[in-house]
Structures are given as C-alpha cells and as structure tokens.
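The chain below stands alone, shown as structure tokens; this is the form predicted on its own.
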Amino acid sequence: MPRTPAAAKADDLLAPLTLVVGDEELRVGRAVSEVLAAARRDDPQADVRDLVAAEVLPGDLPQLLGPSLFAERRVLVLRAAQDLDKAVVADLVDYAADPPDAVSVVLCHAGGAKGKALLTTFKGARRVDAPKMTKVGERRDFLRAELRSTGRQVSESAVTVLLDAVGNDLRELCSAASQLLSDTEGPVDDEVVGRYYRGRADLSGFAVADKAVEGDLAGALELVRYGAATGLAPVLVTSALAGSLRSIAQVASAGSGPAHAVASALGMPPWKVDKTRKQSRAWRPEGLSQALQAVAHADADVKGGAADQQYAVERALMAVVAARGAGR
C-alpha cells in the first residue's frame, strides 16, 4: 500500500512529499541535498528534476513524475513553491493522495504569508524548517553543532573566537568549521582556533579590542601592526573598541543579576554578558569616559583621512589601556 505524506516519518528522507519551509539558503540547500543523497543511495541513476515552481504549468506534473527509461527512483524539487499555480497545487493534492512508488517531491516554500495555504494543505507531509538565523545565539548554536558534528570536544571560548573571526554568514561559518575539523585533531579550544586562523581570527577588530580593554597593550599592538600589513582596516579596530567599551559600560551599570536576565534587558547573548563582566572589573566610569573620548577622536581621524591612520589607532590603544583602572 503506498505511503501517504501523513504517514511519513520526520526522518524519512524519501517520503513522498517533503516541505522545506524558510529562506535561509544554506539550510534549504542542505535539506534538499539530504533528499537527493538518499535517493542516489537508493538508486545511483535516480532521475532528479529541479525547477522553479512558477515555471510549472497545469498538467506538467504527470509528465515530470512519470517513469524514466533509466531510473526507478525519481525526485522533483520545486523551488519558491509559494508561487505555484492553484491548478498545479490541485495536481499535487492528487499526487499526494496516491503517490507512486519510488517518487519524492520536495517543495521549497519561503515561509511567508504568500502561498501559506500550501503549508496547510500538506500539513501531514514531512517538514523541514529553515528560517533565517537573526539572533547571535542562534548562529552560536549552529556553529557549536557544526564543530561537534564529528564528536569532538568544543569549548565555548572556541565558538566565540571563531564567530568573531568569520562573522555571521552561515556558509562561511559552515566552511570554516569543516576546514578546522579536517585539519586539526583533539579538543577544539580558543588556542586551536587562534592558531589555525592566525591572520584571520587574530586580526579581527574585536580581538584587538579585547586585548586593549583587558590591559594587554603589547598584544593589541602586535595584532594591529600585523593586521596593518595584511589588510585590517583601521576603522574596524576603532569601531570594535567603541563597541567593547560601550558594552562594558552597559553591563557594569546593569547590576549583578543573573546573566540571562541582564542579557534579556540589554539585548545581548548571555555569553557576551559573562565575558564583558570579567572585562568590566578593572574599569571605572572615569576611565571609560577617557577611553571613549580617545576612541571617538581616533575614529574621526581614520574616517576623516588622517595622514597616519595607523598611528591614530595605536594612540587610541595606548589611551584605552592607560584609562583602564583610572579612578581607583
């Protein structure tokens, strides 16, 4: 008896109908690739059709899902399924009512209001959610899962350093994690990430800022000078310095409540509250004021085309370190 979408299990990659809902390209791509890989494991000659939904006309579906001369397994991927013609949706309903053996349809829906009825119509289908990750915590969870995918031990500080180094793009995060895991062995900590990404992790403006607000002038100068030789823009350093100092001021004034409560109030992830609290212990309001003024001056210099932007940045770093502990 043919399986229906309602009977398909969540982990049944070759279910007759799969809905991929969301607009995060990496996650959508992975969901589709998993189905295609499963189909090719089942039949190396699997017939795959990958189309934009708006190009599919009423009456096309039987032909698209018809038997192939060379393959038993068939997969039809319809992108932007929210744009499907109503008549094509009706054809899909007929298909889902009695799906042929060895046929799988994957509908990629952006997840918005347009075409939302499609999701209700096929609510019994296998579903994969792929929304965009808009919060730092979500990207952090994603990266942590990527790093732990092979069973390696991963420290939270390693996740932080890699996020600072690579940024927010999921494809870059995925690629960075994969490369790191393939080229290193043993536990993954911040030292491993820093060593592997030297010239990238170490040259993040935030890495320079961390050294400065923690009082490590020699480390900050070493990073920023190496960065100047390899393309680290001065404005990235002054921006990171200003952001770190503002975070210290915010966290210090928020009191000593639980990190999650402070994080919620300030719109920061809890890990950043914990990190900033440690940094803030050596800072007093007078020192923060002095440091912020110095950084604002340097920021104006580098944005205004100062004759020596590198000197402006180094002078700011020295001022920040000197201001640390002021007022004690």
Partner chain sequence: MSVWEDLVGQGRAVAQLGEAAADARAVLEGSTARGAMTHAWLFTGPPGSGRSLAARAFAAALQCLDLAGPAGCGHCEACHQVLVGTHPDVAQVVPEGLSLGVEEAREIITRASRRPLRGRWQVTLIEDADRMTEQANNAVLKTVEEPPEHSVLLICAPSSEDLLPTIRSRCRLVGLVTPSGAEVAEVLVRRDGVDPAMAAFAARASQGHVGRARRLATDEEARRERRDVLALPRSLGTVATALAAAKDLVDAAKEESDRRTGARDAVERSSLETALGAGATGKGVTGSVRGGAGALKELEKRQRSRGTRTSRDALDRALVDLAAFYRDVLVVQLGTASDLVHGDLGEQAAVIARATTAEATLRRLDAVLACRAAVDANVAPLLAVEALALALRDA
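This structure is a prediction, so every number in the text was calculated from the model and none was measured. Just so we're on the same page, rigid core means the largest C-alpha set that superposes within 1.5 Å between forms. Positions refer to the first chain, counted from 1.
Absent from the display: the form predicted together with its partner chain. The rest refers to it.
Asker: Please tell me whether any heavy atom belonging to residue 246 falls inside 4.5 Å of a heavy atom of its partner chain, as the geometry stands in the model of the complex.
Answerer: Answer yes; at least one heavy atom of residue 246 falls within 4.5 Å of its partner chain in the model of the complex.
Asker: So in the model of the complex, is its partner chain close enough to residue 34 to count as touching (4.5 Å, heavy atoms)?
Answerer: Heavy-atom contact with its partner chain at 4.5 Å: absent for residue 34.
Asker: Decide whether residue 303 counts as a contact residue for its partner chain in the model of the complex under a heavy atom distance cut-off of 4.5 Å.
Answerer: Result yes; residue 303 sits at the interface with its partner chain in the model of the complex.
Asker: Going by a heavy atom distance of 4.5 Å, is residue 292 a contact of its partner chain in the model of the complex?
Answerer: The answer is yes: residue 292 has a heavy atom within 4.5 Å of its partner chain.
Asker: Which one of these stretches, 292 to 300, 40 to 48, 269 to 277, 57 to 65, sits within 4.5 Å of its partner chain in the model of the complex when only heavy atoms are counted?
Answerer: Among the listed stretches, the partner-contacting one is 292 to 300.
Asker: Each of 242, 253 and 285 having a non-hydrogen atom within 4.5 Å of its partner chain in the model of the complex: is that the case here?
Answerer: Affirmative, all three are within 4.5 Å.
Asker: Superposing on the rigid core, is the Cα displacement of residue 265 between the shown form and the other one 2 Å or more?
Answerer: For residue 265, whose C-alpha is compared between the shown form and the other one after core superposition, the shift is 2 Å or more.
Asker: Following rigid core alignment, is the displacement of the residue 20 C-alpha between the shown form and the other one equal to or greater than 2 angstroms?
Answerer: Where the cores coincide, residue 20 shows only a C-alpha shift between the shown form and the other one that is less than 2 Å.
Asker: Comparing between the shown form and the other one on the rigid core: C-alpha of residue 299 shifted by 2 Å or more?
Answerer: Passes the 2 Å threshold, so yes.
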